[in-house]
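Below, in C-alpha cells: the form predicted alone, a single chain.
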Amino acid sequence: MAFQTPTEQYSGKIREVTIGTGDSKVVTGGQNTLNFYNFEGTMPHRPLIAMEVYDTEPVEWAAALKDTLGDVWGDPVAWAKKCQDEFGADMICLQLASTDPNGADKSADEAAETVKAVLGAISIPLIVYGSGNADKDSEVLKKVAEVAQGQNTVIGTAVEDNYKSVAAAAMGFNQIVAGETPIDVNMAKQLNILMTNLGLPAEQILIDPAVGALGYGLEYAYSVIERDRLAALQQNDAMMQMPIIANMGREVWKTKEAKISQEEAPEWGDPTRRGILWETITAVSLLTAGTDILIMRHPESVKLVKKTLTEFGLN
C-alpha cells in the first residue's frame, strides 16, 4: 500500500495587503497554509524583500557593508536608487535614524523632506520606520504620512506607547501601519485589537514581531511567528491574520559574528562571507516560520534569498 502524506486543511487565511500604487504596487499575504506548504494550500504571493536605507551615514558598520554600500550610504536618495536599480529590491525601507532625540534629533519636517526626496527617486513601494523613540516617532510619522499621501506607504512602528497617534495618522492619510510588539503572540493580537478599535482597517496593518538574529533569539522568534500563523490559520483568529514583517537586517549586522574581523577571529573564516550567510540563514529561517516581508541589508544576502524562493517556484 502506497504511503500517503498526511495533510491538514486550515479554516483561516492571511489577509492580502497592498503596498504602493499603480504598476509598482505589491501584494503580500493571501496564503491559506503555512509558508511553502503548497501541498496543503496556496501561497499566491511570494515573500517580499525590502532593503534598508538610512537617512544618515552609518557608524561602525561591518567592512562587508562598506565595500558594497559605502559609495552611497551618506545619501539616502542614491542609496535607495541603487537598491532598486542594481540590487533588485521589491521595496525600500527608509530608516529615519537621524530623528532620534538621543542622536542628531532632526525634526519631523526634515524627515518629511527626506521621505519626499526618496519617493521622488524610486518607483517601488516605500516603508518608513522611525528612530524607535515612541514619542518622537508619533510626531515624525504623522508628518511622513502626510507627505506620502496617495502613495500607500507603510509607516512604523506603532508600539504600545504611540499606537493611537500612529494609527490616526495612517487613517487620516490612508497609509499602512507596522505594529511592533516584543516577540509575543498575545501582545501582537492585543495591539491589533486596539488599532482596529480606533477604526484602522485590518487590511492596513502588518505585524512586526521584533525578531532576533541567528544565535541571538532566532529560535524564539521562529516559535512565536509559527504560533502567530497557527492562530491565524488553525484558529481562524481574525486579529492574527495580518501579514508579518521582520526588521531583521539591523539585528544580523550588529552581531559579533557579522562584524568581527578575520584578524580577531581567524578560525571563523572570511568575514564578508560570514556576514552574508548569517543574514541569509536568518532570513530563510524567518520565511519558513511564516514571515511575509523581510527588511534586509546586504545585496548578496538578498540575492541568495531570492534564489531560494525561485527554487520553491516563487519568482
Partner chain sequence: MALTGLDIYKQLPKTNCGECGVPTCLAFAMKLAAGGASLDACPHVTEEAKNALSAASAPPMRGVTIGTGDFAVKVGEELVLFRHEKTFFNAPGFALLVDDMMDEGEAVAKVEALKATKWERVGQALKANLVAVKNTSGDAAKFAGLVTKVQAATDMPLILMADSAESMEKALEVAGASKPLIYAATEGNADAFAELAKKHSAPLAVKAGSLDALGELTTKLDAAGVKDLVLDPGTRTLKETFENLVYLRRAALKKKLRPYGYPTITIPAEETDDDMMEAIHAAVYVMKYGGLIIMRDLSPEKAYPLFVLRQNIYTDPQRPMQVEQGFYPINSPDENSPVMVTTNFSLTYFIVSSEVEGSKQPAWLGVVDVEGLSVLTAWAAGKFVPERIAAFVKKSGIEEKVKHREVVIPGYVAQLSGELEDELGDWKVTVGPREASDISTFLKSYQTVNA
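Positions refer to the first chain, counted from 1. As the structure is a computational prediction, the values presented were derived from the model and not from experiment.
This protein has a second form, the form predicted in complex with the partner chain, left out of what is shown; the following refers to that one.
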Only one of 45-53, 63-71, 23-31, 283-291 gets a heavy atom within 4.5 Å of the partner chain in the model of the complex; which is it? 283-291
Each of 227, 254 and 304 near the partner chain in the model of the complex, meaning some heavy atom within 4.5 Å? yes
Hey, in the model of the complex, is residue 87 touching the partner chain, heavy atoms inside 4.5 Å? no
Residue 267: heavy atom within 4.5 Å of the partner chain in the model of the complex? yes
Indicate whether the partner chain has at least one heavy atom within 4.5 Å of a heavy atom of residue 40 in the model of the complex. yes
Does residue 219 make contact with the partner chain in the model of the complex, using a 4.5 Å heavy atom cut-off? yes
Residues in 200-216 that come within 4.5 Å of the partner chain in the model of the complex by at least one heavy atom, in order, are 214, 215, 216
